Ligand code: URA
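First, one chain by itself in structure tokens, the form predicted on its own.
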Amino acid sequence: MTRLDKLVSDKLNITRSQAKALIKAGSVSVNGTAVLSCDFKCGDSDSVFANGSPLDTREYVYIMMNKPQGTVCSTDDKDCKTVIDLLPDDMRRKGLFPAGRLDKDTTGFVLITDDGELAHRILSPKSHIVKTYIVTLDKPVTDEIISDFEQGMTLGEERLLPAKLTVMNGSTARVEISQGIYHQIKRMFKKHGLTVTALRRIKMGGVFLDENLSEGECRYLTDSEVGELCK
């Protein structure tokens, strides 16, 4: 159960004092009845409205975004637009952050959530959550490169976990990795003299990027999709 003023503050992304003022003005209702008490307790099953609009009372939210090129995976950036900036107003709430990062010029599946525990499990090296990418290269992939990926190549002094590289056509391939070191895929190909010209993440764990989402668009994950990430 959560205090009403905290719930309103979190869901509307306003200060606690602003939330209290809204409640005391009679602008917040719970299950159809206006509530004037700021310390009123409500839960996930309660229907809460503020200024006539429903509030999402779920403890955590999980958002799939199709990240466009040129945006950064951050909660705040003084120079660039972030994935949080792209969220529509009705999906904004306090505490949201991208679970993991894509480079500024990489597109595709970004998970945005306020569930720190789930994000930690996804990002932990112990979990080995597989991320799948479509990569476009300036040269064709060779059998030697495929073998190096599968055996677990060495970058500098670091030995990487095995990765799966599947050629889709001459210069386009699918890459499956279970790590996330700095510029990993670009560096893996650079080792073999290939340059990545486009990179797109299409899958995290067992959850595919929704093909109906245009770049910059997002939607909530379904319960079954959240379950797949929690496996």
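All residue numbers are counted from 1 along the displayed sequence. As the structure is a computational prediction, the values presented were derived from the model and not from experiment.
Same protein, other form: the form predicted in complex with this ligand, not shown, and the subject of what follows.
- Screening C42, I185, I63, A50 for any heavy atom within 4.5 Å of this ligand in the model of the complex leaves a single hit, I185.
- The contact residue chosen from L199, V30, L165, L194 relative to this ligand in the model of the complex is L199, the criterion being a non-hydrogen atom within 4.5 angstroms.
- The chain is drawn here without this ligand; in the model of the complex, the stretch among 119-127, 103-111, 143-151, 80-88 whose residues come within 4.5 Å of it by any heavy atom is 103-111.
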